[in-house]
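Take a look at this single chain, the form predicted alone, given in structure tokens.
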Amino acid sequence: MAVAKPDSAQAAPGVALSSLDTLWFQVAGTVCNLACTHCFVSSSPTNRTHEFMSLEQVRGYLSEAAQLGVKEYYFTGGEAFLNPQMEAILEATLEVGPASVLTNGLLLDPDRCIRLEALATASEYSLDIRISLDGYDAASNDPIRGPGSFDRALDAIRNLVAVSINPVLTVTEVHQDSASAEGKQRFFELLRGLGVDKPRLKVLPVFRIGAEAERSGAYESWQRLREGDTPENGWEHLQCSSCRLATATGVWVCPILVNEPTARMGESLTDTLGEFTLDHPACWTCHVYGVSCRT
């Protein structure tokens, strides 16, 4: 894709919050049982930049979100299921709206999957589980995500299928062929081989921040948005025009920029309903590649 290089002297544009449709929770902070080499928030077993959210904290944001008209809820980390209150948090969330969990799958043993199915069955809202992989075999996945992670993720998918939960497979373009027609077909075949009748796949670009900046290099100086880049139809294709991210220490504009102090917008959701300036290079990726972490 040919992309014009903006004038670095221009100011960055601002994006207004058109409506708060989606609320994310950094429910496990930056604590993870893996240390993926492309992780844009550098999550790992030892990264305590952001801590676990408590059930009480999540309930507080859920109450405020209901008043503001939020329609769906997403949970990420770190590894969401490391949070010891995660199932109680999901139960509380499914009382008010649909929930999606982003996970590496390593903690989705048969017993937990049975409990997740029970939560889903008891709610009128949907529960989606999104499993992350970065290759269609161990040889391509494990150098990125860690030894044994491929086989354990496949076990998680089998466990979900066994209780009739159809997971979404999320992959990044860390391998260039992941987004190709052939690459997607290989992922679909992998899922069908695990018993998934209706495979679902989401492919995301990599963000050259955090661990990924060390692996493949940081953004070039020209990879930033400037006023002249504003699309004719505005910025509604960006998720920050309709989402916010709650953490244990306040609310950020989006899940991508949770390690950026300037992306923290306030203590409550109500504090964060104003405009955000798109002055981070990751905003450039979202715009150029049409990124949405949502379904």
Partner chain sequence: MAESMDKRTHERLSARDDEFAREYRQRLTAHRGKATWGERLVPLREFREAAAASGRQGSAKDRAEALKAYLRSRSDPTPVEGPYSRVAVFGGIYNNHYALAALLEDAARRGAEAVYCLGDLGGFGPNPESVWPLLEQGAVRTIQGNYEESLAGGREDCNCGYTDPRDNHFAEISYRYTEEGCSQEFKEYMGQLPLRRRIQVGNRELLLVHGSPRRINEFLFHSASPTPFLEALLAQNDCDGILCTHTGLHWHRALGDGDIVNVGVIGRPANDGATDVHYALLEERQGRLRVELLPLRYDYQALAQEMRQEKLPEEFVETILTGWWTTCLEILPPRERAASRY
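These figures come from a predicted structure and were not determined experimentally. Positions refer to the first chain, counted from 1.
Beyond the structure shown, there is the form predicted in complex with its partner chain, which is absent from this document and is the topic of what follows.
Student: Give a yes/no on whether residue 240 approaches its partner chain to within 4.5 Å in the model of the complex, heavy atoms considered.
Tutor: Contact with its partner chain, no.
Student: Even though the partner isn't displayed, in the model of the complex is residue 188 close enough to its partner chain, meaning a heavy atom within 4.5 Å?
Tutor: Yes, residue 188 sits close enough to its partner chain in the model of the complex that at least one of its heavy atoms falls within 4.5 Å.
Student: According to a 4.5 angstroms non-hydrogen atom cut-off, is residue 145 in contact with its partner chain in the model of the complex?
Tutor: Yes, residue 145 sits close enough to its partner chain in the model of the complex that at least one of its heavy atoms falls within 4.5 Å.
Student: Answer for residue 59 alone: is it within 4.5 Å of its partner chain in the model of the complex, judged on heavy atom distances?
Tutor: No, residue 59 sits far enough from its partner chain in the model of the complex that none of its heavy atoms falls within 4.5 Å.
Student: So which bits of 31 to 48 sit within 4.5 Å of its partner chain in the model of the complex, heavy atoms only?
Tutor: Residues within 4.5 Å: 31, 32, 33, 34, 35, 36, 37, 42, 44, 45, 46, 47, 48.
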